[in-house]
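What follows are structure tokens for two forms of the same protein chain, given separately as structure 1 and structure 2.
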Structure 1
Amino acid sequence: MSPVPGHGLAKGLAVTLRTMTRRSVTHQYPDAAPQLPPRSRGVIGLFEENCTVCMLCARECPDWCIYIDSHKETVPPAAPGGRERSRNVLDRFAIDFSLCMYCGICIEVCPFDALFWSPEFEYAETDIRELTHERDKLREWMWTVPTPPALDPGAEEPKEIAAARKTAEKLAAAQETAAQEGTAQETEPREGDA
């Protein structure tokens, strides 16, 4: 219990009064663009050139809202006498955003980096059927995908960069040893270190 009766009541009044003098936290959305955090899940963009129509995304999607049609095409051999190759050509790629639950599985699962999250979120429609967006629309959204934010300072290196760096280091080390072997033979070769 507080020493003075009504102490708590006065405290409550002070809290509300103080809040009133502070800036409010309201975002005036349609007038001011919202400040979305990086990796916001607004809509899914498709980078067609990367898509090989492997159908992984469509199969993994929990609610089956990705529709893909394709046909096979035979490509004439690149060099004369070579073998003919067949290739999948995308006919339709659509996502029904009235079903999509923004789980992001399709994007995670795509082995060829063809799907991306875009922060674009203003695509409401008055008819639910119009929420199925075709590849041209998905492609337009591709251009709104922001560059991923920089990693945290102490973060682990991205895998591809780590791999590339290792290769480069190996190469440099090999070259160095080769150069050393060429100039001075007296020292013991120490390949084992590389």
Structure 2
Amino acid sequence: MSPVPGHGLAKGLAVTLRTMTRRSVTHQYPDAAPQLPPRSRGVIGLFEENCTVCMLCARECPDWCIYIDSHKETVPPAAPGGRERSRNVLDRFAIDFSLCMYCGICIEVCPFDALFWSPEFEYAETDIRELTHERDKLREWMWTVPTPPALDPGAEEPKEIAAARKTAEKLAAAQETAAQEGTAQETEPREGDA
């Protein structure tokens, strides 16, 4: 018990007065757009040209909210005398966002970089059945995906780029020595000359 009656009431009023004089941190959402952090997770965008219909995203999805339909198409041989090949052609790619839990597993397992996080988050619908978005809508969201952040300047160069750079330097050095040898042979006197 407090020794002075009304002490608790005074402390409560002091807290109320303190918060009344501070600026509000609430943003009025529809009127003021929120400042989203870079690379925030909104919806999933589809880069259809990279999709090979491998079905990894649909198989790994814990909610089974990705629907993919495809058919096989015969591709003519690349060289004369070669054999025909078949490839999968994407007919339908849909994500049911009423089931999706935004875990990102589908994006992580995609071996061909066909799925990306888009920062778009305003896609509410009045009917839950309209939350299944087909590939046209997923393609539209692809263009809102931000570019990946630049590499850290102090980071080690990727091995592939380092190997390509070494090969290019060797090729340039070989061409330079060949050019120097060619100019040296032109300047040497021939046996018949003199």
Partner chain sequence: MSGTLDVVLRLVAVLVAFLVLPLVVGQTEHKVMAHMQGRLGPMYAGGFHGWAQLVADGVKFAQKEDVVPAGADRRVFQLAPAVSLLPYLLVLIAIPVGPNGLVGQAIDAGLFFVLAVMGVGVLGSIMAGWASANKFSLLGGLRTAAQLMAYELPMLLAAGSVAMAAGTISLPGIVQAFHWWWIPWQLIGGLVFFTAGLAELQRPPFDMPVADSEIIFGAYTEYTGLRFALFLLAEYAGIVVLCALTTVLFLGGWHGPLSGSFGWLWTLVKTALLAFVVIWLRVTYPRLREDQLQKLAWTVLIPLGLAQIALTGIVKVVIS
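For numbering, take structure 1's sequence and count from 1. Whichever C-alpha set is largest while still superposing within 1.5 Å between the two forms counts as the rigid core. Since the model is a prediction, treat every value here as computed from it, not as a measurement.
Shown as structure 1 is the form predicted together with its partner chain, with the alternative form given as structure 2. A movement of the C-alpha atom of P80 reaching 2 angstroms or beyond is seen between the two structures when the two forms are aligned on their rigid core. Relative to the superposed rigid core, D127 undergoes a CA displacement smaller than 2 Å between the two structures.
Remark: with the core as the superposition reference, the CA shift of P30 between the two structures stays below 2 Å. In the rigid-core superposition between the two structures, residue position A14 carries a C-alpha shift of 5.0 Å.
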